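Before any questions on binding or motion, here is one chain by itself as structure tokens, the form predicted on its own.
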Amino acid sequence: MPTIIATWNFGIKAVETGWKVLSNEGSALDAVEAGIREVENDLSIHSVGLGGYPNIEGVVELDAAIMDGSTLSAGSVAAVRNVRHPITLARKVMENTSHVMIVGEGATKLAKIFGLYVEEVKLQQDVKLEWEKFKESLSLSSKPNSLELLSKALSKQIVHDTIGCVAIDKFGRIAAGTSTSGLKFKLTGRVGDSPIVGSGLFANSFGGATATGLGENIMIHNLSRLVVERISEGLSAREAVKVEIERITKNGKRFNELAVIALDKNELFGAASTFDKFEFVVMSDSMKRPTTFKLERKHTFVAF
């Protein structure tokens, strides 16, 4: 039976929209794209889409990726500007080019070709005020242009809540997708895990997973690929996320602010996290409405 899962409390938008696609016998790929587009449209969400926090120069740069598990096809874009729906641009890369990933100016040019470019982007007022205060705090320092100062300042910017979504459709096809504006006030050109196939997302015919949290840590662990590998070996989605987050935590290195959600071919879902609090949303035929699950525990793994 169809099932869809998404990260964070705003993932309910993705799940509700994606479920409409699945319940009308649409594909998992269409459901993931449609659901993530809905979150990208909400300018009040400051970690996804053009309403997101900008880089250190005050420019919103977006990352997104999508993967079709039934074909192992994938497309991604990174550090792209002036694009309302980077998830759709990522799908265009997958379906209309021979590439997997296109970044920066090249991705922006591609957006113009496909009619996805937005001429003018203005920061949301509350976001703009935060960015201006951040820049002012840097200018008041005795070393305003030092890399050391920038590193310390950026380490305090912890907003990085990617929308990740995984779906399985009536025909057993699995797809995964991600979209984010990335780390708050990040260095220009910084790319996190979200558009990296294997890190931010992965899907095959056995299962799919997406990750959210501190991208630099997720990339190091190649988290989504490893979870799906465990599913391919015979573990359920719930077992797979637990095994991988537990392994990372026990290793004791770069385990902070990690979360992963997953679905397997049997429509079982799982989620695990090292966040103090993590929420995800699920919808399937066995549920009357989208259901939000909350995981709470500090610096240890938790699994649904």
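Residue numbers here begin at 1 and follow the sequence given. None of these values were measured; they are calculated from a predicted model.
The same protein also exists as the form predicted in complex with a small molecule; that form is not shown, yet it is the one meant from here on.
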Q: Sort through 166 to 174, 101 to 109, 223 to 231, 188 to 196 and report the only stretch with a non-hydrogen atom within 4.5 Å of the small molecule in the model of the complex.
A: 188 to 196
Q) Heavy atom to heavy atom, is G207 within 4.5 Å of the small molecule in the model of the complex? A) no
Q) Looking in the model of the complex, any heavy atom of A78 within 4.5 Å of the small molecule? A) no
Q: Mark V93 yes when one of its heavy atoms lies within 4.5 Å of a heavy atom of the small molecule in the model of the complex, and no otherwise.
A: no
**Q.** Close approach of A74 to the small molecule in the model of the complex, 4.5 Å, heavy atom
**A.** no
